[in-house]
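First, one chain by itself: the form predicted alone, in C-alpha cells.
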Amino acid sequence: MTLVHEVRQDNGTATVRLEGRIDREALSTLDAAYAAAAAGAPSVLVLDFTAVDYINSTGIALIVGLLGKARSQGRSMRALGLSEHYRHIFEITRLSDFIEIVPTP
C-alpha cells in the first residue's frame, strides 16, 4: 500500500496522519506532508502512525530527515500511534531521544 497523508492544524500543532507503508517509495509523500504541515507555522509536529503497517530502515531514515528539518526550523516532533514493535525500534535507534512518543489514547 502506498503511503497517504492527511494534515490537521490546531492551535500551533500540526498533526500528520499517515496511512500505509513508510519505505523508499514514501519520500515524496512525506515531503508533501511536511510542507503542508509547515504551512501553518506550527511549533509542534505530530506524526500519527496509527494506520502505518510497515516501516523499513529506509523509512526510519526518512523520518530522521523530517526530524532534522523540523529541528532546524525550531519545531518539536511527537510520534503517536506507534505499535509496540515500532516503539521498540524508535527506542533502540534512539529516535525516541529526539521525538516524544505519545501514548495512544
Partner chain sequence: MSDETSAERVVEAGQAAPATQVDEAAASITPRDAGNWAAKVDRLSVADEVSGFGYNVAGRRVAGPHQGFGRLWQRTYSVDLGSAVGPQELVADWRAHFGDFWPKGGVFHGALTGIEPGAVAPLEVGGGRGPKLATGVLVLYADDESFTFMTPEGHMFASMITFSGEEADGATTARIRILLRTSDPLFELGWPIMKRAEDTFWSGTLRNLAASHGVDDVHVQEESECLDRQRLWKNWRNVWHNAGIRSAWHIVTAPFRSQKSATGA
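Treat the numbers as computed from the prediction; the structure is a model and nothing was measured. Positions refer to the first chain, counted from 1.
A second form of this protein, the form predicted together with its partner chain, is not displayed here; the remarks below concern that form.
Taken together, the three residues 3, 8 and 34 lack any non-hydrogen atom within 4.5 angstroms of its partner chain in the predicted bound form.
In the predicted bound form, at least one heavy atom of residue 57 sits within 4.5 Å of its partner chain.
Among heavy atoms of residue 19, none comes within 4.5 Å of its partner chain in the predicted bound form. Taking the partner from the other structure, its partner chain in the predicted bound form has no heavy atom within 4.5 Å of any heavy atom of residue 78. Residue contact with its partner chain in the predicted bound form: residue 40 places no heavy atom within 4.5 Å of it. Applying a 4.5 Å heavy atom cutoff to its partner chain in the predicted bound form picks out 64, 65, 67, 68, 69, 71, 72, 85, 86, 88, 89, 91, 92, 93, 94 from 64-96, in order along the sequence.
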